[in-house]
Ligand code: KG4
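In structure tokens, one chain follows: the form predicted on its own.
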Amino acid sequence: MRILGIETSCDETAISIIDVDEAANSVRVLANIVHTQMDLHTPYGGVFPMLAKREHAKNLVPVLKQALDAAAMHTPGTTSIDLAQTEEILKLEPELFTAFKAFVPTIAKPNIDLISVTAGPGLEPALWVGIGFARALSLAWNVPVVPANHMEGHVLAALIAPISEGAYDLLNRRILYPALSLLISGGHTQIVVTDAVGSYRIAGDTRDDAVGECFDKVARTLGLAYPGGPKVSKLAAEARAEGIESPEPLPRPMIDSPDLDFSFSGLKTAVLYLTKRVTLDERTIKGICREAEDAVTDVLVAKVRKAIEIYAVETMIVGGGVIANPHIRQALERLAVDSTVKLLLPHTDHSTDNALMMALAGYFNTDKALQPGADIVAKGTLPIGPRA
């Protein structure tokens, strides 16, 4: 089964093509293209939704060309498309429609069996562009389309292990359930009980800021440019190497609460108040970055340790862009050893938003496939499952 995944939930325009061998329980990644808009959003100090929407409309067809080239599926030819219906689907994106009709009819239909597109959660203006593109492609190529959950994609990105260059083992049949999934990204911090692939219960959630959002706000307070998370991580690592500590300790919000929920807005506020009491020279900034990263890591480890005990799991899955943070990654690796649980982490290149994870979500949700061109609704707050 060959699946094309489309991801436009935030500021990455991504398309991936995978080939799943069900008999061998393996997957080959034929293409995995990610176009980031990061530089365009830096002046705003965060992602500007309508700018992201406009850039997705501009970039989707060029990214599709790159993906088809990488997968050796870009073959000149003709594809008959219903221009009137396609224009109706893309009526809110005239620039995308113009690019679509200039390219898709000029190539032979690629050997794609299924299209999977992020339907949520994410920025709704951005989601709608990807959904419209997926619907138009599914209609042109006469293949079904799956509306996929972005957070499930982050879970699934950790369920593949490399076999050889571009080939991966699917681990879903090789782990014990229930498993525990920790999802940490710019918009989410969740502990999810994973009863099986496709069956999720939210055991813990953030009550305000997510981890990535907290790091970005801390960075902004310290005068560091967006995106702040990687910069906080870099300076924190330098502080540890140089023996620099924060001028004052920072709180570990909700670390001792009886539930599995999170709250990081207080940490962000504590950093703001601290900066008003000290001189922000280079050394002090490094020390605060180290302490902020330590505070977040301590809370995550404490909550996950408690969840492992409550649910008696033997497998821990971690997904989301924040797992690219080396300090948090290492802390969770130590926790897995201490708790004697199997730890599944995505490759660093697969931790941030990408379409490979959405193609995998399509494979595991073929039962939810819709007819070509079917209506799909973007849901910015789409949950991965009910509250446990």
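Keep in mind the model is a prediction, meaning the values are calculated, not measured. Note that residue numbering follows the sequence shown and begins at 1.
Unshown form predicted together with the named molecule; subsequent notes refer to it.
Engineer: Answer for F133 alone: is it within 4.5 Å of the named molecule in the model of the complex, judged on heavy atom distances?
Structural biologist: No - in the model of the complex, heavy atoms of F133 and the named molecule never come within 4.5 Å of each other.
Engineer: Though only this chain appears here, would G287 touch the named molecule in the model of the complex if you measure heavy atom gaps against 4.5 Å?
Structural biologist: No, G287 stays farther than 4.5 Å from the named molecule in the model of the complex.
Engineer: With a 4.5 Å heavy atom cut-off, would you call D216 a contact of the named molecule in the model of the complex?
Structural biologist: Yes.
Engineer: If we define contact as a non-hydrogen atom of the residue within 4.5 angstroms of the partner, is G198 a contact of the named molecule in the model of the complex?
Structural biologist: No, G198 sits far enough from the named molecule in the model of the complex that none of its heavy atoms falls within 4.5 Å.
Engineer: Tell me, please, which stretch of 24-32, 333-341, 352-360, 60-68 lies within 4.5 angstroms of the named molecule in the model of the complex when heavy atoms are compared?
Structural biologist: This holds for exactly one stretch, 352-360.
Engineer: Which one, G204, G187, P147, G153, lies within 4.5 Å of the named molecule in the model of the complex by heavy atoms?
Structural biologist: That would be G187.
Engineer: Heavy atom within 4.5 Å of the named molecule in the model of the complex: which of S246, T315, S233, T221?
Structural biologist: Answer to the contact question: S233.
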